[in-house]
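In structure tokens, one chain follows: the form predicted alone.
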Amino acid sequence: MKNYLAALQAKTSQSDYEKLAAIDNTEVHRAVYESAELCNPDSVFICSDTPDEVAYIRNMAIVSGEESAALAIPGHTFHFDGPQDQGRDRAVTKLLVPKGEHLNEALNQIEREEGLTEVLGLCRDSMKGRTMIVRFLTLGPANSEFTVFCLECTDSWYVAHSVDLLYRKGYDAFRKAGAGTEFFNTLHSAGKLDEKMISINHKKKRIYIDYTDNMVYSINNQYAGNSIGFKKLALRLAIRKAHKEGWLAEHFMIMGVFGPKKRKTYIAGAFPSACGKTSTAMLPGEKILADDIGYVRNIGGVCRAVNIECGIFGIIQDINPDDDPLIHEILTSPGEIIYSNVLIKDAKPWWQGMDVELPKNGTNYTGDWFEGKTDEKGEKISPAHKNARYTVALNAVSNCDPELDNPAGVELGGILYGGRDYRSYVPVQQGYDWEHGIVAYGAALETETTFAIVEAEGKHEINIMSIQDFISIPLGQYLHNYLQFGKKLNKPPLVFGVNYFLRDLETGEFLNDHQDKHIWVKWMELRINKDVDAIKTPTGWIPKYEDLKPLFRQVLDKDYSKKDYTKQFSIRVSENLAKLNRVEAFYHENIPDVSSEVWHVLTEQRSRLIKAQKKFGNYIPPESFCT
């Protein structure tokens, strides 16, 4: 067997060599050696997570020019990605599928050997003249049933800095785990950079996930959603691991919602990007446990979950002191924050929707920016990108849940699903049972694509559980696993559907205010604890007006009229039937092996809607179902 440690000595200092040698895992040594051999860095830096090393990485991110500290508030830095690297790139993100294996055509994929040949060729010598930084991390708390070990090799100091804010440090965990410990492995290179330290070979950007080896390759990019292997990239690996072991890896926020007498109930939620996930998790007065990805396990018949991260990589657009006071407070206070793709002017970051007039010029991801500047297509460039982000540690948030690092996780009382649905679903409703809720709200989640994805906006699509982009097993298998998971629980969480984007069919105006989501979440908490009744409709249980009215007064200090309630919670039969048609067409086209349980739920929902239509018409106010 090759002595990978000895082979690495030429590129490491004695100190770095000893740090790597302290990890008794030959596969770790091999992974670091093979990444260095392929990418050919001048040196390899092994980070063992000491305060000095963490500070060194942050300083190097600034010294290298990948970040700048030229901001007025202490601790704040900013980073720019290239104009063609502003979001997750579906077209170049692919699963490597071995010959003989088949995934649904809806999943972006490439034959494994072909993909490996391509991506390894792009990675060869990509780090020449640079340092390869090696980071050891854990997904989920260490020493937990939830723990997944992770290794990332990167030549980006910005990426190496970002993981310090987003993930739990894992060097000691690797060292204690010993030989044979399984881990997810990521190799990232920013590739060729221009004088502004921005990746320029965007046409050769590739993000390939090799599930055979639990490996992520990412080349010619910097945007954190593409370059940090443990965001949605490793989620694809975790989904396969969860499928094999009988748990769930999900695109979840998790929050602690307070009820009467300071009771706290944990609710998870899945939303596509830019559909309200982080703002829901950050509701004032509640506790945030996770904003993006959660692992969920059946532990002794109880549904328990953890945040696999410990930081936030959040969309900054529309954050302002009125709508998102907790996030806004963080963004305007001293502390470690990385901004990306905002406008910089007068040593301040500026973003769209911050409720102040933006400067007429400054610096952004395109370089010097001025009002009216256009791109190569002649389209106007906005001051800050719509998908501009902020990266911050979760414990910097004043309402961070104290159970964040609990190795046992927290018990989930409810799960909610929501997207951009302008026409059909009511603002909040509860499934009749686990199967109905999972299928009708999660597996039938329909949304409009947003700026968080590099493609045209405004395209309506089915996005199963808000995780469809990341599913790495056949979709039918994934849905079957989900349904079976709930059946094995002693007390499955209640399942809810939310829709923050319902519009008036005549005027096109939104029927929900930005803050109204707080009321829907409070109502869920009451339902989970059996404190309020509900009205049974063809699509689920909906709130009673007499329960919502006092919640609006208590939580938002505003009146809630019966007229508003009727507009929001009337069942739109035609629109719901049209939605069912789109969902069923998607299943027929993309999931030939979907289980009979799914078809049963959809068929029953159609039957209920048609029956109600015949009795009450196309638009049915809530009180019609009370008779």
Ligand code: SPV
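Because the structure is predicted, anything quoted here is derived from the model rather than measured. Don't overthink the numbering: it's just position in the shown sequence, from 1.
As for the form predicted together with sulfopyruvate, it is not shown, yet the points below apply to it.
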The unique member of Tyr339, Tyr441, Tyr425, Tyr223 whose heavy atoms fall within 4.5 Å of sulfopyruvate in the predicted complex = Tyr223
key: Answer option from Lys169, Lys205, Arg88, Lys517, heavy atom within 4.5 Å of sulfopyruvate in the predicted complex   = Arg88
task = Kindly indicate whether Lys231, His251 and Ser273 are, all three, within 4.5 angstroms of sulfopyruvate in the predicted complex, using heavy atoms.
result = yes
Sulfopyruvate contact at Phe313 in the predicted complex, heavy atom, 4.5 Å = yes
request  = Tell me, yes or no, whether Arg389 is in contact with sulfopyruvate in the predicted complex, where a contact means a heavy atom of each within 4.5 Å.
outcome  = yes
inquiry  = If we define contact as a non-hydrogen atom of the residue within 4.5 angstroms of the partner, is Glu435 a contact of sulfopyruvate in the predicted complex?
reply    = no
inquiry  = Check Asp164 for me: does it contact sulfopyruvate in the predicted complex (non-hydrogen atoms, 4.5 angstroms)?
reply    = no
remark   = Only one of 190-198, 223-231, 502-510, 207-215 sits within 4.5 Å of sulfopyruvate in the predicted complex by heavy atom distance, namely 223-231
